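One chain comes next, on its own, written as structure tokens: the form predicted on its own.
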């Protein structure tokens, strides 16, 4: 009898021990954050990770009874690495959500994995229009290049800019920026006299900028990914394009808040269109900038940071709504249609496209309190992605 009782007790203990990790696992909600933490786009990874950790610090690490675990992986902006890391996060780590994605090729490489595993994928950075069409499980909290390019093509002809040369990085977002800027500028009576594309990896802007100087347009329109803007600005000034009377207009990636002060006074007066500036005058943004700076040794948040911060909010609110039940499909449904006030202004996750609808601002680089800022001077409200509006 004693032996039977001991055997039953031992069996119960073993069963409990086996069940405990599973029970613990059930109480953990894992977010796999894949970012370029090293390499050419390292500033993107640094900004998004910092913003994600700030959101967790402000809103707690437990939601709907689940402990939030952030697993950060460095893909160095190589799509093959992104795909492999996403596969490992889904299969081995059993993440509930995939997030991050610094560049378009990385997001597109992961899309089939999100679809097959029914794992929601929150794109916090990559900005080619077509990304959300690559998987029904993708939700975007960053922006699209058509959203911000069209605003500038509307502004330019009203401000004496009729002939423009475009200069873009030769991959998805750059091709989007070139296409939608040209279409809208032409519609408004302007003209793109030449379209130049620069390699994404190890770009040398100098020969392209010499071509621009020789072409003598009213303005040069530029898109390069976050982190490359300072090089464009430096070479634009070194080649004397400003002295030749050629204006620099760009998407906000070029006058990136993270790098703007390092560009010097040569950046003053540059007009850009974008969805976020660290100088955005709302009370919520002022709190965000102060908290981000305090948590990160004075670092200024850029548009990548706000994409990461809002992406975390979308995930947290979806988890609250589902109470941790129903898996990936339930989470995805709870992400769709979210409307909230972001540090950038009001945003909306369109339930049909799963893409972001947001205000786009026209800004000019100005000096305030001894520092350079992108100062907003106009706004286009509730901009949908023109790439999906057709």
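Not measured: the values here are computed from a predicted model. Residue numbers count along the first chain shown, from 1.
There is also a form predicted in complex with a small molecule; it is not shown, and the following applies to it.
*Asks:* Since only the chain is shown here, I'm wondering whether residue 309 would be in contact with the small molecule in the predicted complex (any heavy atom pair within 4.5 Å).
*Replies:* Contact check for residue 309: no, nothing within 4.5 Å of the small molecule in the predicted complex.
*Asks:* Contact between residue 143 and the small molecule in the predicted complex at 4.5 Å, heavy atoms?
*Replies:* Residue 143: contacts the small molecule in the predicted complex.
*Asks:* Looking in the predicted complex, any heavy atom of residue 304 within 4.5 Å of the small molecule?
*Replies:* It does: once the small molecule is placed as it appears in the predicted complex, residue 304 has a heavy atom within 4.5 Å of it.
*Asks:* Just checking whether residue 97 would be counted as a contact of the small molecule in the predicted complex - the rule being heavy atoms within 4.5 angstroms.
*Replies:* No, residue 97 stays farther than 4.5 Å from the small molecule in the predicted complex.
*Asks:* Each of 102, 127 and 253 near the small molecule in the predicted complex, meaning some heavy atom within 4.5 Å?
*Replies:* Heavy-atom distance to the small molecule in the predicted complex: all three under 4.5 Å.
*Asks:* Between 292, 137, 223, 180, only one gets a heavy atom within 4.5 angstroms of the small molecule in the predicted complex; which residue is that?
*Replies:* Checking each option against the small molecule in the predicted complex, the one that comes within 4.5 Å is 223.
*Asks:* Just to be sure I understand the contacts: of 171, 316, 205, 155, which is the one whose heavy atoms reach within 4.5 angstroms of the small molecule in the predicted complex?
*Replies:* Contact check passes for 171.
*Asks:* Tell me the stretch among 73 to 81, 111 to 119, 171 to 179, 239 to 247 that has any heavy atom within 4.5 angstroms of the small molecule in the predicted complex.
*Replies:* Heavy-atom contact with the partner occurs in 171 to 179.
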